[in-house]
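Quick heads-up: it's one chain on its own, the form predicted alone, in C-alpha cells.
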C-alpha cells in the first residue's frame, strides 16, 4: 500500500512537472501565425509510417541510421517493461501474464535490452570517437545525459529481473540474459531476502530513472522522440518548388520577430534532432559562409524558449547568415523529420528587403529586373539577339500558334557564355521539325530567384507580366532550358491561377529521340559525369531524362558521389549569382569540380542549366583544370551525336 501511494505521488509530481515544462515550451505556438496543415490526413499518416518505418532519409547515413533504428525499435519493445513496472504497483492485480508477460514479452524485453544498450554504445562511439563534422554545434552534454538515463533505465530493468531469479521469483524462464547474469552472480550466494532487497532497489532505480527521463525530455533536444512524428505529419504537401503563399492578393508577410512565425515553423524548431545532416549537405556551410541550417533552427528554438530583448534578425540570426543561402533544398531533403529551413530563410529575407538591407550587387540586379525585366540590365530588344546567327527564323509565339512555346530565360538569352548552347537547342528543335516559337522581347525573368531573395512585389510583377504574355499565345506545351524558369512556370505561377504543362528541354529532347524525330549515331564516345541542377532535380524530380540522353548519345556515365537527390549545389541559386564572394573560403562550384576530377576518365562535366554552364566553366578555369575536364551542355552531346 505504501509503495502504491509513493509511486502515485511520484507519478503525479513528475507528470505535472513534465506537463508544465512542455506547456511553457509550446505556449508560443498558441499565438503563432496560422498554417493550413490539416488536409489530406491519410497521405500525412502514410508519410509518418514511412518515416517510422526507417525509410531512406534516415538510412542515407548508414551507421547513424542503423543505431537510431536499434534504439527506436528497442524503445517501442521496452515500453512493455514500463507498463509492467507502473501497472503492477499502481493497480494491484495488474499483470501482462495473460498476454505473454512471462513468456514472449519477457523474451523480447531481454533481447531488446541488449539491442538498446548496443545502440547507445554505437551512438556514444560515434559522438565521442568518430566525431563527424556534422555534430559541430550540437549539444554534447545533453546527449551524454540522455545516454546515462537510457543505460540506467535498461540496466536497472535487467538487474531487477536478474535478482528476481535469484530470489526465486516464478515466471522468469524466458529471460536468457537475466538467467545468464543470475548464473554469473550465483557465487555471491545471496539469501532470498538479500536478493529480494536488491529487486526492490533496482525496481525503484528503474522507476525513478524513467521519471527523471520524462522530466528531462522537454528541455532536451531529445524531445524529438515525441515531436518528430507530429512534425512529419504536418509537413508541407505542396510541390517542393512552391513557396507558401495564401493567395495572389495576399502575399506572405515578412518575419521580423520569432512570434511572426507560423505554429509549424515553431514545431520545426522544437522537433530538430541536431543530427547535422542539413549542415553536412549545405553548400554555404561548406563554402565557409556563416550559415548552418542546423544552428539556424536551434537558434530560433532557443530564442522561442527565451526571447528576451535580443532581436531575431541582426541579433539571434545574422543578416549575412540569411543572405548566404542558395535555397538549394539540400537541407530539407536531408532532414529526417522534415524541417522546412528554406521557407523560414525567405520569410526573414522579406523583412531585410523591406528594410532595404541588401548588398549593392543584389540591389543592382533587382533594380535591373524592375527596369528591364532581366538582371543584366540589358535592353529588352536584345533578348532575342542570339537568334541572329541561325539559318532559320524562329516563330514569334505572340503572333502565330505554335506547338511548343520555348521560355528561354535570362542567362540563356543574354550571356555570351551560354548563347551558343541556346542556338544548339534551337538547331536540334529545327532538325526534329518541331513547331516552336519564343516570346522575343516580351519574355521577362521568371522571378524564381527574385521570389527566394524575398522581393515579393517584384516577383509578383514579373510573374503577372509573363502570365499575361503567355495567355495571349496559342500553344500546347511550354519548354525551357532553364530549371529556375521551369520551377517558376510549373510551380510558383499556380498561385496566380496559371497552370501550364512545362517540361525541361532534356525531357523534350529525349521524347524527340524516342519517337524517331531526332536520330543519333550509335557509337561509343567515352565517359562523362553529370551534375543534377537543384531546381531540375531536387525541386522537380528531373533525374532520369538527362541520364537517358547521355546514354542515347553514346557516353558512359560516371556518377559523382553526390548525385541525384544528394547533388551538391553550384552556388548560384537563391540570388547568389547576383552576389559577390565575400567570406567564401571555397566556391561550391570549385568544390564540385574537384569531386568530378576525382573520377577516373570522366572527360566531360555535363550540365543542363545555363547558370551551371557559367558557374562551372568559371570554376574549371579558376582551378586551372582546362586540360583535365570540360564543361559541356546536354545539347552539346546530342548535337555531336546527330546521325548526319
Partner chain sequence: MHIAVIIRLVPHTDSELEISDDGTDIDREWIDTKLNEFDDHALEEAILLKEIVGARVTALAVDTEGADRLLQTAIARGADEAHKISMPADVALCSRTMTLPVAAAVQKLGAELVLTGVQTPHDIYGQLAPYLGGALDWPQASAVSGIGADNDGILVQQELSGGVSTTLRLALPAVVGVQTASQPIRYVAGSKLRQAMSAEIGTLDTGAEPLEIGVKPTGLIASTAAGDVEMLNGGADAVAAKIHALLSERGLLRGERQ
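Residue numbers count along the first chain shown, from 1. Quick caveat, the model's predicted, so the values are computed rather than measured.
The form predicted in complex with the partner chain is left out here; the points below concern that form.
Among the residues 354, 559, 544, 420, the one placing a heavy atom within 4.5 Å of the partner chain in the predicted bound form is 354. Of the candidates 103, 139, 372, 197, 372 is the one whose heavy atoms come within 4.5 Å of the partner chain in the predicted bound form; the others do not. Look at 7-15, 631-639, 618-626, 20-28: in the predicted bound form, residues with non-hydrogen atoms within 4.5 angstroms of the partner chain sit in 618-626.
Contact check for residue 126: every heavy atom lies farther than 4.5 Å from the partner chain in the predicted bound form.
The closest heavy atom approach of residue 244 to the partner chain in the predicted bound form falls outside 4.5 Å. Proximity of residue 382 to the partner chain in the predicted bound form falls within the 4.5 Å heavy atom cutoff. Although the partner is absent from this view, residue 519 stays clear of the partner chain in the predicted bound form, with no non-hydrogen atom inside 4.5 angstroms. Although the partner chain is not shown here, in the predicted bound form the stretch 443-463 places heavy atoms of 455, 457, 458, 460, 461 within 4.5 Å of it, in sequence order.
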